[in-house]
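Only one chain comes next, encoded as structure tokens, the form predicted on its own.
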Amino acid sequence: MLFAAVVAISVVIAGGHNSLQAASSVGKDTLTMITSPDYPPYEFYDTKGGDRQIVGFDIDIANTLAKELGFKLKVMESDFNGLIPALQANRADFVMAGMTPTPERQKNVDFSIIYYEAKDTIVAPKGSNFKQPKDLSGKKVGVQLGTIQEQNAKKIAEKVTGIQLKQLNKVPEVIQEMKSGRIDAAIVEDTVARGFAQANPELEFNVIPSESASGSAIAFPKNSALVAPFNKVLQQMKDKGELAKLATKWFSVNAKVDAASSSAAKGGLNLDFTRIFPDIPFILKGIPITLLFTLLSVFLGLIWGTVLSLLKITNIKPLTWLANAYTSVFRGTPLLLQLALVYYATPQLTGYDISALQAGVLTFTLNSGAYMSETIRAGIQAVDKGQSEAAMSMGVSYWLMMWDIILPQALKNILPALVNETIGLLKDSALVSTIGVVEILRSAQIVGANKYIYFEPLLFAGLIYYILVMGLTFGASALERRLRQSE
């Protein structure tokens, strides 16, 4: 019943967040494309004026495909290493994210023809002079997890002794690790490396010899009927020179690179928040999603935690064992693992295409309920036994006694602990960014990827979280004072 209630509430809420759902399927008028919009100029958010529109080279190609083949296009997002699992879970119809059709990937998904060829580069601090893979001997090298660059770096490491690889989720994280001195170089695609080098003049990049060239293709679920029509349109775009025109538009040296970022870096500034001023409205738009997610999770988690706590103190032993086992599982496994399982496994196991927001609310409800149940149980048992004995002597039923007498006193006693749990949920809400919910942290990461910077947007996001937590803390303190005065 709780699962049904969570799904029902989330479906209503998710009506205003269609970008987070994959409602289409092959053969329908609308097809869903999934991408990782933190990889300019392939795909990234246009954050000017607070807009939440994904743009880029891949998006232009996808729009052309939609026009030529007569379907409507819906775009959803995920981290790069979650794109293929999303296809396998039938959450999307195709992937466009500068993805290379490697043999390993071809075992799990089908690919279109190559629509753009790129080369790998070695990005390093200026003056490092890393021009050949052999120059990386004895160096720490960073790569993005799940990319062709990671696979190529592993092959290089097999041939060149002493290379230590460090895998990170996003290219901006790899670049920041290098700027922090934790790694010596990074292997990045040339079009992306050019943008980072322009925005960070202290960096340089050198193209790895041509045998490391790779191509980008569209990924589909196995045996998808879309491969042939997509290939036909892509070939037509190649023959007409349309792909070359789009490549010139997005990959030229003069393509969108933040001039302010470049001039600030040349001036030697470590932090320059003026670089993110135009994008602040975009980051602030993540606040409603974060608050909605947190309030829903707390409300439903409190209800579910109360049910579990009552099961734990009941005299029906099987129910007590079940509640304790449930709590043990959810307290004993990582929250991020639970989130991934709910999001990716639910469509395969139930056939229901759960959205990212719904998956986040459901996971956090189930998880927080396990923690809250122990807190609520302790609060109930802290209420003087005379209260329940007096109620029962007056003929008050057990459930009415718990609802009207015991639980109100227990909740008053455990209010500080519940506030701490709410604060924890507010901060942990950043985890839903891993499955594509554009909340505060994800918004800041998007701005950082677009501006080729790291610290400024994250520090601003940290300030927002701090203000929200302080507001929640002051509100809880005022409520506690009110409750003490009413005693």
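Quick caveat: nothing in here was measured; it's all calculated off a predicted structure. In this text, residue numbers run from 1 along the sequence as written.
The same protein also exists as the form predicted together with a small molecule; that form is not shown, yet it is the one meant from here on.
S.K.: If the cut-off is 4.5 angstroms on heavy atoms, which of these, Ile276, Leu300, Ala97, Met178, is the one near the small molecule in the predicted bound form?
M.R.: In short, Ala97.
S.K.: Using a 4.5 Å heavy atom cut-off, which residue among Ser309, Gln358, Thr365, Gln149 comes into contact with the small molecule in the predicted bound form?
M.R.: That would be Gln149.
S.K.: Partner absent here, but in the predicted bound form, which of 30 to 38, 448 to 456, 64 to 72, 420 to 428 has residues with a heavy atom within 4.5 Å of the small molecule?
M.R.: In short, 30 to 38.
S.K.: Is every one of Trp304, Glu374 and Lys412 within 4.5 Å of the small molecule in the predicted bound form, counting heavy atoms?
M.R.: Result no, not one residue of the spot touches the small molecule.
S.K.: Within a 4.5 Å heavy atom cut-off, is Glu189 in contact with the small molecule in the predicted bound form?
M.R.: Yes, contact at 4.5 Å.
S.K.: Consider Ser112 of the chain shown here, and say whether it contacts the small molecule in the predicted bound form, taking contact as heavy atoms within 4.5 Å.
M.R.: No, Ser112 sits far enough from the small molecule in the predicted bound form that none of its heavy atoms falls within 4.5 Å.
S.K.: Does Thr121 reach the small molecule in the predicted bound form if we count a contact as any heavy atom within 4.5 Å?
M.R.: Result no; Thr121 lies far from the small molecule in the predicted bound form.
S.K.: Does Arg105 reach the small molecule in the predicted bound form, with heavy atoms at most 4.5 Å apart?
M.R.: Arg105 belongs to the contact set for the small molecule.
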